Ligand SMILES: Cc1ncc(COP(=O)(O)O)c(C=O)c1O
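Listed next as structure tokens is one chain, alone, in the form predicted on its own.
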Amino acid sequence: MLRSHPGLQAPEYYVPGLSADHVSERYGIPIEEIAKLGSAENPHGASPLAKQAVKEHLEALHLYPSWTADSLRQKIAAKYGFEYPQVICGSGETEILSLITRAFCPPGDKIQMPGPCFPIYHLFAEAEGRLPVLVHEATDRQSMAIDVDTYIEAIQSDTRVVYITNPHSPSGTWLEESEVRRIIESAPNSLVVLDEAYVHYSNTAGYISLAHEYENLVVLRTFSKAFGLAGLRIGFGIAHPQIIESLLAVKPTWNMGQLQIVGGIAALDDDQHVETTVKTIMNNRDYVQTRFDDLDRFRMISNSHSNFFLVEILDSEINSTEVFEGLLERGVVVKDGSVSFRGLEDRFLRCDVNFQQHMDRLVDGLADLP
């Protein structure tokens, strides 16, 4: 029998959040009564400007797009104060993660990441024959914040890539600029990847400007969250031109379609949609914290700077899978930490921030569990 390489002999797959359709069919709950809080999607939907641009370009589907998405790269560069050669676009930020693995970490070498983290970091590393190093000891289990000193100490001579996720997933915790700089400067022989997928919800501009200063840094962002284009699949990276050149060399030739390119360009002008989304998330993040104050079996990990947060299960008689299933029966979709995040074990759930009525469904569902 034909065999794949060793990293794919027993592959582990990413576990996405369940769809509302699945839950509705399984439990017979009207779809409008389901609180989908497991995928960090935009509650306001897609950017209206992006939707209009996509509609206007349907007649171009028979044409090959620019193989490097030139016009979108130029728009991103102008929006964030960079030059065109410093930008790469991908079919979602996740595609760029795979390019980074191939271009900057030889097989057998190490890719460092906080533990727990976005699973794609270690799944891609293992699938490509690289060694993921999850630094679980750097994560404080009470606050779920990253201890920078411990994280820096874990960097070794054969560590080729070092991940920083800010805000962090799954906790939503935040690193200040001085802490991010310390990690970058402590890894001069590694490519540091600053993943800012959720940065809009931090109420800051993020640290994308650091890509002007450090030649060993790439900053990643996505259109899936604040712009609401998860289904269109658009992400980008900003870095020194030499880094971008290497990523372009391993990129699939036409990785971005016509509609992705025009949709992304239009979304970058849709400040109103982003502002509305961010306001909704920030207001309801504060609101749900007040609701959790009434619960004694569950604790919301505070100070999230993202559109999700962790819930710790304080009741030793139940675990995260039991709570996850109990919430599904009540029409609430979250993420089971023991399934979705390596090292998070069975004491945590990750829950999205959404409209107030969905936050109420979540808290009421938790309170209703036997």
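Since the model is a prediction, treat every value here as computed from it, not as a measurement. Residue numbers run from 1 along the displayed sequence.
What comes next is about the form predicted together with this ligand, which is not displayed.
Every member of the trio Thr165, Tyr198 and Ile234 reaches this ligand in the model of the complex with some non-hydrogen atom inside 4.5 Å. Contact with this ligand, judged by heavy atoms within 4.5 Å in the model of the complex, is confined among 145-153, 254-262, 125-133, 221-229 to 221-229.
Remark: Phe118 counts among the residues lining this ligand in the model of the complex, judged by a heavy atom distance of 4.5 Å or less. Proximity of Thr94 to this ligand in the model of the complex: non-hydrogen atoms within 4.5 Å are present. Ser169 belongs to the set of residues with a heavy atom inside 4.5 Å of this ligand in the model of the complex.
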